[in-house]
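Next comes just one chain, in structure tokens: the form predicted alone.
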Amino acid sequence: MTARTGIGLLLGLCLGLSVVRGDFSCGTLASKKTPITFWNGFTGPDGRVMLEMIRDFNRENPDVEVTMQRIPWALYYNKVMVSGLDGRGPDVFVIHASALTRMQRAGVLAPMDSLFESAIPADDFDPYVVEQTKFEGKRYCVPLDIHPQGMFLNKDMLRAAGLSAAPKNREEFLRAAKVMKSSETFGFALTAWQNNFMSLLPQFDGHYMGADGKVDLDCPGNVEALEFLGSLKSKYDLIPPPDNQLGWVGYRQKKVGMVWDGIYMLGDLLRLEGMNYAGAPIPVIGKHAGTLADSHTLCFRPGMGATQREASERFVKYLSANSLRWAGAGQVPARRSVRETPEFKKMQVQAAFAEQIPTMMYFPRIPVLFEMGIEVNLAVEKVIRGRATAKEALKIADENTQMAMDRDAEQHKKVVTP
């Protein structure tokens, strides 16, 4: 073998190994980029906005390279959980605030207090939102946004019915739903039944859990909220038949004048042409204002090295500081300073939904949230279809959810060794 051949083989081996490892570590070809993997469920228009933000971050931070993987939400949490338990999880990933309890218990989240102490001011978030990030005194994520449930209106249908403004209370809401109803249209339709019901709970001082830590879905406030929702069909006949399935689709088709849904549905409306819509808070149906809300939060995997952790913190800081751009995808920024900017206040729908933040209520912090959601949805369906009273339906939901809680507690009981 000649010296030239030997050197060529050595360089070939070096380059080959560098491709396998994903960097260039031989001689002067060493790459200084720190790779960051970022997972989320933003598969719609919001994903395109996030991708643009990542490209700008990579351009402004030439020593870091963030790559994004989008996974449908229906598959997302299982993949994050499995990959995290195997030590193959993404470096940075999105978790809904409502799912933090189960994910933190599984050990796939790393504490992030250092980021708040060094880069992100904790007092720029609403205290209630910050509390959702804490477990045993430690913060495990950075809230990126808040997505409240609110009201979407068809402005043309509202105007045609002789109404000049969004309804603000029960009487105005019932009147608007009535005058916009015709042989071909409805003034109001239910969308996600579970969320429509839960959006009313804080208005009636309802709750999910009792002071004793037990499930309390059939408390008086919850019953009253569900009775109102059921009355829209049984008493007022203002909503489509349960099997009609108009809901959000009917709103998009201009067959429904008002719906209650999450701010994230705005991304769907932004793609439509000729839709004259507006956003507004959910009317005060109960004793006072209130709605359901959740958040997308940014999390880290445990076990990152110092270099990768620093790069990941820089990336999360960038997303948080530039969340006004994220708001354009159909979200409400979690940071108060961003919501106070003139640019955000010009976003009509987002700003209207944000008015509800002082009175919003998040999902309960329980590991069986999915099971509870199924039971609540069944309860609402029974009432809308006239198959049970609100008290009867919620009592069954309460009992079944408590059984799920008990099973979960038994399965995850800590074994104390002598």
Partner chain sequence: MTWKKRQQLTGYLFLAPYALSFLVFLVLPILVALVLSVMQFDLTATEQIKFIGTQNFTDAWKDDYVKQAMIATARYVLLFVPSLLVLSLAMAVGLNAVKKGRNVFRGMIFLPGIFTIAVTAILWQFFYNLEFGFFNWVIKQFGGTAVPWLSEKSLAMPSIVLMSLWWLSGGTAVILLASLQQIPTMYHEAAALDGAGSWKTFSKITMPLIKPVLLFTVLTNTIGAFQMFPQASLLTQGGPELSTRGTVQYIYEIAFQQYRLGYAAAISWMLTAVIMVFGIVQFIAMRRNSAQ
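Predicted, not measured: the structure shown is a model, and the values here were computed from it. Residue numbers count along the first chain shown, from 1.
Another form, the form predicted in complex with the partner chain, is not on view; read the next lines as being about it.
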item	value
Listed residue (238, 119, 160, 106) with a non-hydrogen atom within 4.5 angstroms of the partner chain in the model of the complex	106
Among the candidates 289, 278, 321, 81, the residue which, in the model of the complex, approaches the partner chain to within 4.5 Å (heavy atoms)	81
Close approach of residue 233 to the partner chain in the model of the complex, 4.5 Å, heavy atom	no
4.5 Å heavy atom contact, residue 317 to the partner chain in the model of the complex	no
Contact flag, residue 381 vs the partner chain in the model of the complex, heavy atom cut 4.5 Å	yes
Contact of residue 170 with the partner chain in the model of the complex (heavy atom, 4.5 Å)	no
4.5 Å heavy atom contact with the partner chain in the model of the complex for all of 110, 124 and 365	no
Options 289-297, 328-336, 245-253, 162-170; stretch whose heavy atom lies within 4.5 Å of the partner chain in the model of the complex	245-253
Interface residues of 61-78 toward the partner chain, as seen in the model of the complex [heavy atoms, 4.5 Å]	74, 75, 77, 78
